[in-house]
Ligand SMILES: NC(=O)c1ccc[n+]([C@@H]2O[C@H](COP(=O)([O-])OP(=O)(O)OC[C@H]3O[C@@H](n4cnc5c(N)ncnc54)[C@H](O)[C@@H]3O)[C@@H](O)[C@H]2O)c1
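For reference, the chain that follows is the form predicted alone, supplied as structure tokens.
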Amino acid sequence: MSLYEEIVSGKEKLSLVGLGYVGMPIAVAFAKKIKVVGFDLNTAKIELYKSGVDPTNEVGDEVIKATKVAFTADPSMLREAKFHIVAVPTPVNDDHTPDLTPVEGASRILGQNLTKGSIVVFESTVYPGVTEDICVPILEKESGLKCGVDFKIGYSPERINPGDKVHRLETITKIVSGMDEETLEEIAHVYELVVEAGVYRAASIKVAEAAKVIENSQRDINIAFMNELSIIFNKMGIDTKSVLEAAGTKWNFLKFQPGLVGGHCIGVDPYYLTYKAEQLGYHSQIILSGRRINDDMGKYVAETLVKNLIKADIPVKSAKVAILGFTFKENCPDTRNTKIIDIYNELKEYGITAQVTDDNADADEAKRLYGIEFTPMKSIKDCDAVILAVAHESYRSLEMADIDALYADRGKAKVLTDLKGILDKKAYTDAGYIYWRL
């Protein structure tokens, strides 16, 4: 009997190592079909899951309450499973080099609890070679087992889009790979249990790793191009959104938008690829150029706001500014690698300490990572400028009267930065606002 058949029959279990925005939805999806152990080192998070609370908002509290996932922070429970999926973050260091600490740590813990006949599949985004060259030696050392003999490995890049209720694990084609044909088929069959869109069998583990890292690099470059256009058109006095709407009438125009590129994928993954390229003697030109543009956008937004304050004859140093939204994307509580912090820090350089509000964001995470304490939306008033930074649904429903109420009545023009262009530019300009968007 194959491992897949043993899992389907209930004789063996599947484990998820890492229960964040990616791992938890995967665990929940599999638990509808098979027995699942959900492991995470964060005991506080595990307790939330056990009590039926979804801190990620990815599946919701009701789904967490109903799921059959065996949530645990006890690594020894991993010994109960034979098919392991590792879904931990892969961030970058301050110098933009890959920080493989989480995936190495997960490999260490898993190796200490690995049993013969297991299959280990990594989902974390990495540069080609990490699974076989870095993770396998750790698994072997910690377990005392031999890869290819006692256990097998594979790689299946995660494609879950946090906050996206349409493109889910079940609806996105899943790339799978294995160290040999037999392993590939086992992995493919297991994922086919939950992925309704089907799986794509990659030629090798390195091909699957490379496919994932270029998906986000491609998107990063396209957004960088839009950001550069925004800077150019702003100097020309042309509205970028209007230009893109006009150009978008052509059938093959790629409809990307300018914006801040944060989070733990698009703003990070390109550095994994360029790091590996540099090890091989090639210095990236296009990828790193795009990264530089995107990394500087927070500073550019803050500088433009300051110019608009001066245009409105409002003293910069004493200006009162509010930032609406702090997460790296809309309708998601995740603040990791948010580029809104770049705007906040740059404004500080001008003597402006902005108030930040975001009911969607994980307030504890923001405090821990950035030292930011949120101000309740209802407490924001008497502002000279407002930055509508994140396109949360709650902000999309704001009326002009709601925006007006945030400002001081000083007889000065109201300075409004609408980063995502969700408001009616003409209406606000006609109302006397100094309105600006990327």
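The first residue of the sequence shown is number 1, and the count goes up from there. Predicted model only: the values in this text are computed from it and were never measured.
The next section is about a form of this same protein that is not shown, the form predicted in complex with the ligand.
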Legend entry - Partner-contacting position among A224, V321, M179, C265 - heavy atom within 4.5 Å of the ligand in the predicted bound form: C265
Inset, instruction - Work out which of P98, G259, P128, P89 lies within 4.5 Å of the ligand in the predicted bound form, going by heavy atoms. - result: P89
Inset, instruction - Give a yes or no for T375: in the predicted bound form, does one of its heavy atoms lie within 4.5 Å of a heavy atom belonging to the ligand? - result: no
Legend entry - Partner contact for N42 in the predicted bound form: the ligand, 4.5 angstroms, heavy atom: yes
Legend entry - Proximity of L229 to the ligand in the predicted bound form, heavy atoms at 4.5 Å: no
Legend entry - Partner contact for E158 in the predicted bound form: the ligand, 4.5 angstroms, heavy atom: yes
Inset, instruction - Tell me the stretch among 403 to 411, 381 to 389, 367 to 375, 33 to 41 that has any heavy atom within 4.5 angstroms of the ligand in the predicted bound form. - result: 33 to 41
Inset, instruction - Using the arrangement in the predicted bound form, list in sequence order the residues of 7 to 41 with any heavy atom within 4.5 angstroms of the ligand. - result: V17, G18, L19, G20, Y21, V22, G23, F39, D40, L41
